[in-house]
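Given next, in structure tokens, is a single chain: the form predicted alone.
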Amino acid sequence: MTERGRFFLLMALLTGLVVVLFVASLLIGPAGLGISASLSALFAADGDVVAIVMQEIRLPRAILGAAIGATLGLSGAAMQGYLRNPLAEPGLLGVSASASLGAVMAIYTGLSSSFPLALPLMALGGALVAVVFVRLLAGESATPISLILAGVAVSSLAGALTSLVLNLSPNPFAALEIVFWMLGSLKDRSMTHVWLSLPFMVVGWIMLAQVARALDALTLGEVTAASLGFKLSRVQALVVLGTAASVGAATAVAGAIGFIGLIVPHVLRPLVGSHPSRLLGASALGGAAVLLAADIAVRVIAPERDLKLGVLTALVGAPFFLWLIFKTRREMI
């Protein structure tokens, strides 16, 4: 089978896996509903209990799981392709940390109690502020190194401010709410969260898809890519803004979910060959599959203890990250 044929086979398998996990996400839950009753209730209009569970609880959770997973996988592949660094991940730009800071401020000030949408809206605002600061610090003609340094600086500042807010939290209940939100979860999300975040994620996906051919050219070096007609400043802007829009929206509704943007592109890279453009689509599907599987796992492993999604991805991702570091060191020797 040709390399192109293997790629299409991989995409078909990943698409099938996402569909299976999406349906499984709809069917698995503490309510213990039957398969036929659950699927029928998705299209019911009578508003009975089963229809409410399926349409207002499980369906938004499944949609967000697939969309946020795709966002993390796609943005991770784009960041690694642009920076030409397999250790790059979406949080490198400080978007996740700044979005978390915005959400934490909404909880700290009490706005989230009086106006529930204040939390995701302030998180989106935090992501917007982060990308503005990164662009200002790195400059219009920023190199990948200066972009990384600007992202680290913004991420460190946002993390420090989040710790300060947590330290000054007026009561332990607010502090506990802040900590739980930062652990990441899809529980109790509604279609309102879907309609709020999905447009931003789709805009981010479109931006990142536009750099596919440029990422292939960048494997030959920046000079060669520029000689082929790719404007590197435009490529950088699309990567930064696309990552900020999609990851900021994802963090706004689900909290911080780490490692998917790092692990998924790295695992799939050997399967797509030396084509960063192909890795974008594969990583989006792979990220959706991983997050859907993780969200199903938190419901199965500890259904009564509310195991947080970000905790599970960290438990799985941290050992992989350590292995990746040791592997990179061995290759450099």
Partner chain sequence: MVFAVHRRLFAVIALLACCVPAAAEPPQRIASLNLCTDQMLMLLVEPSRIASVSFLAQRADSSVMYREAAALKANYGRAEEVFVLHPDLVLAGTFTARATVSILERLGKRVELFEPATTFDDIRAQLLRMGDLVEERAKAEALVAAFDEQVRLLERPQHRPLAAFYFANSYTSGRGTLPSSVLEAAGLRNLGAELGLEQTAALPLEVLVTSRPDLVVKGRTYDRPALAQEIFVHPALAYLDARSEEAVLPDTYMVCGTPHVLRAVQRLADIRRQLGSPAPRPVATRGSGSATTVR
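What we label the rigid core is the largest C-alpha set whose atoms superpose within 1.5 Å from one form to the other. Bear in mind that the values here come from a model prediction, so they are computed numbers and not experimental data. Positions refer to the first chain, counted from 1.
Missing here is the form predicted in complex with the partner chain; even so, the following discussion is about that form.
Contact residue in the predicted complex, chosen from Val131, Ala174, Leu238, Val194 - any heavy atom within 4.5 Å of the partner chain:
Result of the distance check: Ala174.
With a cut-off of 4.5 Å between heavy atoms, is Trp205 one of the residues that contacts the partner chain in the predicted complex?
Because no heavy atom of Trp205 falls inside 4.5 Å of the partner chain in the predicted complex, the answer is no.
Please run the contact check for Phe200 against the partner chain in the predicted complex: heavy atoms, 4.5 angstroms, yes or no?
No.
In the predicted complex, does Ile57 come within 4.5 Å of the partner chain, counting heavy atoms only?
Ile57 belongs to the contact set for the partner chain.
Please run the contact check for Arg189 against the partner chain in the predicted complex: heavy atoms, 4.5 angstroms, yes or no?
Residue-level check for Arg189: yes, a contact with the partner chain.
Taking the partner as it appears in the predicted complex, which of 242-250, 256-264, 108-116, 92-100 has residues with heavy atoms within 4.5 Å of the partner chain?
The contacting stretch here is 108-116.
Please tell me whether the candidate spot formed by Phe22, Val300 and Pro319 is one where all three residues come within 4.5 Å of the partner chain in the predicted complex (heavy atoms).
Judged in the predicted complex, none of Phe22, Val300 and Pro319 sits within 4.5 Å of the partner chain.
After fitting the rigid core, is the C-alpha of Val202 off by 2 Å or more between this form and the one not shown?
No, its C-alpha moves less than 2 Å.
Core fit, then Val104 C-alpha moves 2 Å or more between this form and the one not shown:
Shift at Val104: 2 Å or more after core fit.
Checking Pro86 here: with the core superposed, does its CA move 2 Å or more between this form and the one not shown?
No, shifts by less than 2 Å.
Would you mind telling me if Ala67 and Phe180 are closer or farther apart in the predicted complex than in the shown form, C-alpha to C-alpha, with a 3 Å or larger change?
Relative to the displayed form, Ala67 and Phe180 draw closer in the predicted complex - a change of at least 3 Å between their C-alphas.
Just to spell it out: taking the C-alpha atom of Leu111 and the C-alpha atom of Gly204, is that distance smaller or larger in the predicted complex than in the structure shown here, given it changes by 3 Å or more?
Compared with the form shown here, the C-alpha atoms of Leu111 and Gly204 sit closer together in the predicted complex, by 3 Å or more.
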